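Next up is one chain by itself, shown in structure tokens, the form predicted on its own.
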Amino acid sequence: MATAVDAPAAPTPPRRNRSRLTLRNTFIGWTFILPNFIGFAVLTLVPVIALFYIAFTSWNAFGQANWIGLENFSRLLTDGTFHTALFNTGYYAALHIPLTLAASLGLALLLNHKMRGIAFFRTVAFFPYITSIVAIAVVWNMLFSPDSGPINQFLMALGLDNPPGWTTSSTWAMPAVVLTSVWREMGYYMLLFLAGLQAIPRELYEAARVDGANAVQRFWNVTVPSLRPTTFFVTVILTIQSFKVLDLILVMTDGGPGTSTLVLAQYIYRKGFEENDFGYASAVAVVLFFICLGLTVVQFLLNKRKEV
């Protein structure tokens, strides 16, 4: 009598195993990035969306926001203080961006050489960036003091009879803020340029030397083109930071004398948190957002054209 033989169990299809492995890896990946996404959505995305809505309303942080359409943006056209803040922001950016680029690149070139104590000097150059901005403002206000400040004492020792009034002068207050800001931030951007310099292959400099290029020619024909990605990144970040400057001006001059150092970020703060006009403050913030967005897009297009 023949006995029935049980058929061997069918092996699990390899495709199912791969699906389970993919699902497991995807789940693990989401557990790592989901907290960041949730934080971004709650702390950044939702407030930005709310900002665009509030810009079209009249809202004082209490009660219901009333929809008023483009009225807040119409007020901007006739608001003289807004025009002053817009001009001051552009003035600050026009001085701050090129000076910080030049100072940080020069510092990086200087500290890119092998010499004794180089780590110490790099740390000293970076130290102002991590120093309290309040302490920096107090110290530089003492240095810029018109009567007893060391800077004016030095200028008078050189024979200058009427040195600038710096932070007490409506003409010299913004240059004083820009100089302080450049001194504080050049160490941070120096590190970015230093990383870019050390990524340039040494063979390029050796080939240039063989061709008879001097130091200036090697800088313009090897260093500058090789640093273009770093320079582009630094320029974009500097532009955005220049247009949203607030903390240094707030503690150094508070927008004065008069409105000579009032910038858009401080004007938004005054309208929103001092006058409770959050609708109008949001409209100014939307304008500032599109200025930064437009300048960034232009910089990307110019950089892309150079790459072609």
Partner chain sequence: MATVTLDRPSATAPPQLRKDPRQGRKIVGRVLLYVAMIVAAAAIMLPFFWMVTSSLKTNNQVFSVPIQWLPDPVVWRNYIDIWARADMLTWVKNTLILSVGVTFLQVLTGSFAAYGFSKMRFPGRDVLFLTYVATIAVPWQAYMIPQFIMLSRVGLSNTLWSILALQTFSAFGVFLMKQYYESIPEELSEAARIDGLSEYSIWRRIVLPLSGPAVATLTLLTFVNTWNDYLGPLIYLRDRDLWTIQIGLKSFVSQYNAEYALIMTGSVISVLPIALIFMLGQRYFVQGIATAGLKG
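Superpose the two forms; the largest set of C-alphas matching within 1.5 Å is the rigid core. Numbering follows the first chain given and starts at 1. Keep in mind the model is a prediction, meaning the values are calculated, not measured.
A second form of this protein, the form predicted in complex with its partner chain, is not displayed here; the remarks below concern that form.
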| Which one, A94, V224, L160, M142, lies within 4.5 Å of its partner chain in the model of the complex by heavy atoms? | M142
| field | Single option in A215, L110, A102, A207 placed near its partner chain in the model of the complex, where near means a heavy atom within 4.5 Å | value | L110
| query | Is there any non-hydrogen atom of N25 lying within 4.5 Å of its partner chain in the model of the complex? | reply | yes
| field | L86: touches its partner chain in the model of the complex, heavy atom cutoff 4.5 angstroms | value | no
| task | Classify L70 as contacting or not contacting its partner chain in the model of the complex by the rule of any non-hydrogen atom within 4.5 angstroms, answering yes or no. | result | no
| said: Please tell me whether any heavy atom belonging to L77 falls inside 4.5 Å of a heavy atom of its partner chain, as the geometry stands in the model of the complex. | reply: no
| said: Just to make sure I understand: among 100 to 128, which residues lie within 4.5 Å of its partner chain in the model of the complex, judging by heavy atoms? | reply: L107, L110, L111, H113, K114, M115, R116, I118, F121, R122, T123, V124, A125, F126, F127, P128
| query | Quick one: once the rigid core is lined up, does L246 have its C-alpha move by 2 Å or more between the shown form and the other one? | reply | no
